[in-house]
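A lone chain, given as structure tokens: the form predicted on its own.
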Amino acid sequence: MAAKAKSKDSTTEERIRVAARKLFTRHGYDAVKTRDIAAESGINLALLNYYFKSKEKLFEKIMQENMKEFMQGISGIVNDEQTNLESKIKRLVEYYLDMLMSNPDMPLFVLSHAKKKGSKLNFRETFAQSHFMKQIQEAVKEGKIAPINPLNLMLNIVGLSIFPFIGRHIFQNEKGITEDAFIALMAERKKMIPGWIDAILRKK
């Protein structure tokens, strides 16, 4: 009986987190009410409060999960010693765009919280000691690529991948781009960004 109750509790908590992630990511912290989360979860408000005490605590939990997922994906790619520099760049672009196509509102979700709470994504810490960093430094030293600050390279990859999703609603509303057209545009971009980065790195 005890094991069954524990399983039920775990399932309910997961349902709340899934519902909250969906609503916070789509609408933002201020627009979502605890009753909205309860309704989306299929539970009553008292049970929601029992598990997470407040909307702020639930939001913090969801944000931590988003940031952990975000950074783990980067870390796994930049520290893979089996791939070369070109492959890492391609994989980073694919990772960002695939993740963002599944979670298109995540960048604004993360940025709004970072601005409000002063949260850090620790890009520098993740990147500084990575295998990717060593490959860039070696390639510059050997004259294979143009000299570049590795952090600038990473910012270019991230910026080129993420910006369309930050401005997605502007593009779609003002330029009349449909959802299907936007998806096709991002699929094209997945192929183009590595080429743009290669042009930046190419030895003059």
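If you superpose the two forms and keep the largest set of C-alpha atoms that fall within 1.5 Å, you have the rigid core. So that there is no doubt, residue numbering starts at 1 and follows the sequence shown. Predicted model only: the values in this text are computed from it and were never measured.
One more form of this protein, predicted together with the DNA, exists but is not displayed; see below.
Chemist: Even though the DNA is not shown here, does it sit in the predicted bound form so that 35, 44 and 47 each have a heavy atom within 4.5 Å?
Modeler: Result yes, every residue of the spot touches the DNA.
Chemist: Work out which of the listed stretches, 138 to 146, 159 to 167, 60 to 68, 27 to 35, brings a heavy atom within 4.5 angstroms of the DNA in the predicted bound form.
Modeler: Among the listed stretches, the partner-contacting one is 27 to 35.
Chemist: Taking heavy atoms and a 4.5 Å cut-off, does residue 152 contact the DNA in the predicted bound form?
Modeler: The answer is no: residue 152 has no heavy atom within 4.5 Å of the DNA.
Chemist: In the predicted bound form, does residue 172 have a heavy atom within 4.5 Å of the DNA?
Modeler: No, residue 172 stays farther than 4.5 Å from the DNA in the predicted bound form.
Chemist: Could you list the residues in 12 to 28 that come within 4.5 Å of the DNA in the predicted bound form, counting only heavy atoms and keeping sequence order?
Modeler: Contacting residue: only 12.
Chemist: For residue 189, decide whether the Cα shift between the shown form and the other one is 2 Å or greater, given a superposition on the rigid core.
Modeler: False for residue 189: its C-alpha shift is below 2 Å.
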